[in-house]
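Read the single chain below, which is given as structure tokens and is the form predicted alone.
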Amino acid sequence: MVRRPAFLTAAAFTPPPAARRAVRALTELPARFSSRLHDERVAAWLGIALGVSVLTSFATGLVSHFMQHPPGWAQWPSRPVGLYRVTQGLHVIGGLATVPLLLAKLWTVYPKLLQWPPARSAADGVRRLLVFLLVGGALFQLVTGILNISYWYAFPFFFTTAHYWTAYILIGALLIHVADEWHKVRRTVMTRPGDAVGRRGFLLGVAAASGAIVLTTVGEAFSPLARLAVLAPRRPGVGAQGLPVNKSAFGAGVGAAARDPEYRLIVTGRVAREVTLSLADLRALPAHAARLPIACVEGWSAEAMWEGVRLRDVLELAGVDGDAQVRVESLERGGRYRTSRVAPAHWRDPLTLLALRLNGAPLDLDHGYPCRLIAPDRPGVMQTKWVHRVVVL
């Protein structure tokens, strides 16, 4: 009699008790979720609300991206002055309001997410993969987005790039999922339910949670509700000269250079004549005032009264052509936002200033003393502080 090696015996292929219990638990999951809230109707309504929210965030996110990185075939306008304030506020605050929707949706459908086996056919496997991309993309966007607006960069990658490209993965998976499930959603929504009390209460609770998040954050962009913005990382009116500060002069390492009595603003590049202006020279030029918001990519915004010289007046001193692109450079020695590009539509706008004063007083060092850019309808990261050079391209 030939004895088989031990590793080929039936006992060797028997999974350990813990593994058998885990497999049994997975196969019995659908029977355990008998709540009427784990049904297609609740999932359908939550899916519709979630889809609208994600599409809105995607559209407003594209606005933010193309404002910061305009394609060659299009330039962003300078008016209306508060457009970015509205779109980015909607992007961030609407994104925060999406959190209860997503959590409720996942709670409603997780019996299906945990079904066993993972795929019953090749087509089912592709469908489950798309759902994985949809859920994973949504969680990634919300978690990293919340960390970003909290200024906690606990991840090794550059947030803006990852957030932008993941948005396309998320929206692609969402559109395919909607096309695949729309007939079921339409049928479910149009069918009159038998007992809707529990479902209605659950959906109203989710809506109330989203509404509470909006109420406690919208004040960061809508100043009359600033006192209610207890969950917002920045609030209008709180900060030097009544304006929030993201990056201080100390953090930028520009304190000594900004206070230097020998400070000069230089206009150079493709100019008819190079211009060098001291702070006294800037103050001697015709002064103008503009009430403009600072609108940050993290969602907060606040209006202020700015005073200074028009950028177009300074460029005219150098004989700059009206269609030129301009790069504004900070005293900062490094950083992704040390410079910003100013298109003709913005630098020719009479509201675009090299600001010297804020809310009736000289610029605070943290707000860009001795000179900073302030222009209508631009993200805050492009409102360059501590300006010392304007290069005509």
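No experiment lies behind these values; they were computed from the predicted model shown. The first residue of the sequence shown is number 1, and the count goes up from there.
What comes next is about the form predicted in complex with a small molecule, which does not appear here.
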{"item": "Contact residue in the model of the complex, chosen from 93, 258, 134, 309 - any heavy atom within 4.5 Å of the small molecule", "value": "134"}
{"item": "Contact residue in the model of the complex, from 43, 351, 363, 331 (heavy atom within 4.5 Å of the small molecule)", "value": "43"}
{"item": "In the model of the complex, segment of 266-274, 156-164, 105-113, 284-292 with a heavy atom within 4.5 Å of the small molecule", "value": "105-113"}
{"item": "Any non-hydrogen atom of residue 178 within 4.5 angstroms of the small molecule in the model of the complex", "value": "yes"}
{"item": "Contact test in the model of the complex: residue 227 vs the small molecule, heavy atoms, 4.5 Å", "value": "no"}
{"item": "Residue 247 within 4.5 Å of the small molecule in the model of the complex, heavy atoms", "value": "no"}
{"item": "Residue 67 within 4.5 Å of the small molecule in the model of the complex, heavy atoms", "value": "no"}
{"item": "Complete contact of 47, 138 and 185 with the small molecule in the model of the complex (any heavy atom, 4.5 Å)", "value": "yes"}
